[in-house]
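In structure tokens, one chain follows: the form predicted on its own.
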Amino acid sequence: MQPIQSFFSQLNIPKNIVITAHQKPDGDAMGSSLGLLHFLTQLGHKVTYISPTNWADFLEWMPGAKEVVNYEKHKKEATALVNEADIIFCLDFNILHRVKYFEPVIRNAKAIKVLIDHHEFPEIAAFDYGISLTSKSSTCEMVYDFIVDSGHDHLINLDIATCLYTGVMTDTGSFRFPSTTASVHRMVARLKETGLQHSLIHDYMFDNFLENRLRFMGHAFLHRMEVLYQYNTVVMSIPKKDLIKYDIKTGDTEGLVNWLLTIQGIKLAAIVIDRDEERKWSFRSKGNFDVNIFARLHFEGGGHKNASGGRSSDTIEGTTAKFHEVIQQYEKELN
């Protein structure tokens, strides 16, 4: 994989470009992809963002979201776009299996593949150019750097600013995580110069849900949460019947795991949700407990030191029992 700086010269010639991010895109994946799309479009490129799956309704307000192609719904169209592409940007993921069933289409494409990501252990051989910096707060911050470093700071407009602010805001926990460096605040100051109304974005992202989500959360806290004080850990196990009862959609469980860390003394929070084809884990931690390593060792996942995900093909009961067994190995670390 060649350094991203070696790719800059190719920005000057209009190309067919596809942007993609990980399945079930969150604020950072959607924000970085749409922000990059608006930038590349200004340079004269023909650009399409293809998501491997659907996305949360609370992201629909973002500039350009209504034009995103859902691969699972439009496989023929999406495949044709990839086959016609000169360049494919891969954002907010660094291993091709993170695009789910879209993987073979991307892997077999003849287009130049460019990686921009901040997770550990990238699949370097899969990309022609790229940058992978775990020290960065978000992929949105990295797209901002990409625009500035390529000499196009003057093209940052309100649409780009809106998209990039959304991702950096969500991935830093509204700027409270340790990844919120001085460079993040300088970026936000630059984005504000475009006329960005940051309070509206917070409303769209955090105050834009239906009543059923709040009732679901109350049910989950009351009936599905276990506090394991011996290990300074909280685990929540959500069966499929709860999702059906409260009509939970994609994105409705976003951020739920973070609430578990608000309990005094808790260092590790874990949620497992019974999805159709697998059980999905989310892990969050405080301090030096590395949930990236924890997820990789025990739950086929990974991510960041204090925020990661995992999966299991076991039953909800089986994978939860495994968590209770595994956590005993970490009693000293968590105390």
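Quick note: we count residues from 1 along the sequence shown, nothing fancier. Just so it is clear, the model here is predicted, and its values are computed rather than measured.
Below, we refer to the form predicted together with guanosine-5'-monophosphate, which is not included among the displayed structures.
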Out of 277 to 285, 47 to 55, 61 to 69, 262 to 270, where are the residues with a heavy atom within 4.5 Å of guanosine-5'-monophosphate in the model of the complex?
277 to 285
Verify the contact flag for residue 307: yes if a non-hydrogen atom of it lies within 4.5 Å of a non-hydrogen atom of guanosine-5'-monophosphate in the model of the complex, no if not.
yes
Residue-level question: is residue 133 within 4.5 Å of guanosine-5'-monophosphate in the model of the complex, judged on heavy atoms?
no
4.5 angstroms heavy atom contact with guanosine-5'-monophosphate in the model of the complex for residue 95:
yes
For residue 213, is any heavy atom within 4.5 Å of guanosine-5'-monophosphate in the model of the complex, or not?
no
Restricting to 11 to 32, the residues within 4.5 Å of guanosine-5'-monophosphate in the model of the complex through any heavy atom are 22
